[in-house]
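Take a look at this single chain in structure tokens; it is the form predicted alone.
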């Protein structure tokens, strides 16, 4: 399934299977403001600063060149050929299955298990973007080895890198929440799992995900194998959200170590460089990810999407080996 596509297979894909109508409207409607980039030899994008005034020109180019990979910018420019006159950028989150910091599969590259784990992570991030931040206009793309969340709400497209970084930390649960709160009546100790809203709730969800995906081979800062084994032994308590009992079984000091370790790993759930880069180029939805022979696909329903059914080009099924 993940075998690299040959030049002949790329030609077959773009000339017989691919359709310009598969390029999503959120790209096609502003095509003249986007920079396009292409990888013709499988060594990374080496043909940048391309501009197409219409979808028809893009269609002709792809069918003629049948590139190894095709990309378009998350940014809108007044002069995209020079990446000049930046107007705004999509807010993007890139979850690559092979880079997930805690994977239960143990594979060296990507497999069905880690792709499903990436999908699970993406579902949680989308829930937070909608529920906590009120964002509505977003598109989910299967990239070939993971998922891209592309947010095009006007409220976020003008944001700078610093704010995008703060949003990223919030949705992945990268900081341990404070546990002391005060008002006129005094100071209160409140653990993150006892606060059912806001960032403490998000953090609790991400920590729970992390704990249930730990294996004895997982590597967390300041967490030894004995603590790791105890967390795995008692994590069934969290199925019913028995956080207090779980913390007592682990021990308060060791509990702090485990949530601090997972918070540190959470920052790697998403490629931060992609999120803060205002001029990034991402794989063009509908294009071929030639390295793994899968189609970069816009997802309409994450619950029913199956990359092994919905993102496999016809030429893969026709292979004889």
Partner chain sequence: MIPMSFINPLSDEGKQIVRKDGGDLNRIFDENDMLIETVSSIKSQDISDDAYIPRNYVDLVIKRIEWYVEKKSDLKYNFKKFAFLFDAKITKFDVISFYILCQAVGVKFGPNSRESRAIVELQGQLIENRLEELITSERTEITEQIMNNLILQDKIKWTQLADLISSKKISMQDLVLKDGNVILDFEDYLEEFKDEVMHRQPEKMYNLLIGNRVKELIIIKMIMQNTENYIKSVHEQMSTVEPNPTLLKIAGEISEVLSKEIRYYGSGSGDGDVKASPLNVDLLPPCIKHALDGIKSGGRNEVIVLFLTPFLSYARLYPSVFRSNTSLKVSDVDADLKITKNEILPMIHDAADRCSPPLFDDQPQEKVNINAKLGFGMHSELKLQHEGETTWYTPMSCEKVKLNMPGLCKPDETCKGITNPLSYYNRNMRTK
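Residue numbers count along the first chain shown, from 1. The model shown is predicted, which means the values in this text are computed figures rather than measured ones.
Omitted from view is the form predicted in complex with its partner chain, to which the following refers.
Site residues 48, 72 and 140 are none of them in contact with its partner chain in the predicted complex, judged by any heavy atom within 4.5 Å. Proximity to its partner chain in the predicted complex, defined as a heavy atom within 4.5 Å, holds among 170, 77, 209, 246 only for 170.
This chain lacks the partner; the member of 133, 111, 232, 87 within 4.5 angstroms of its partner chain in the predicted complex by a non-hydrogen atom is 133. Listed stretches are 118-126, 210-218, 192-200, 141-149; the contact stretch with its partner chain in the predicted complex is 192-200, by a heavy atom cutoff of 4.5 Å. Of the heavy atoms in residue 156, some are within 4.5 Å of its partner chain in the predicted complex. The closest heavy atom approach of residue 163 to its partner chain in the predicted complex falls within 4.5 Å. At the 4.5 Å threshold, heavy atoms of residue 175 reach its partner chain in the predicted complex.
Residue 276 belongs to the set of residues with a heavy atom inside 4.5 Å of its partner chain in the predicted complex.
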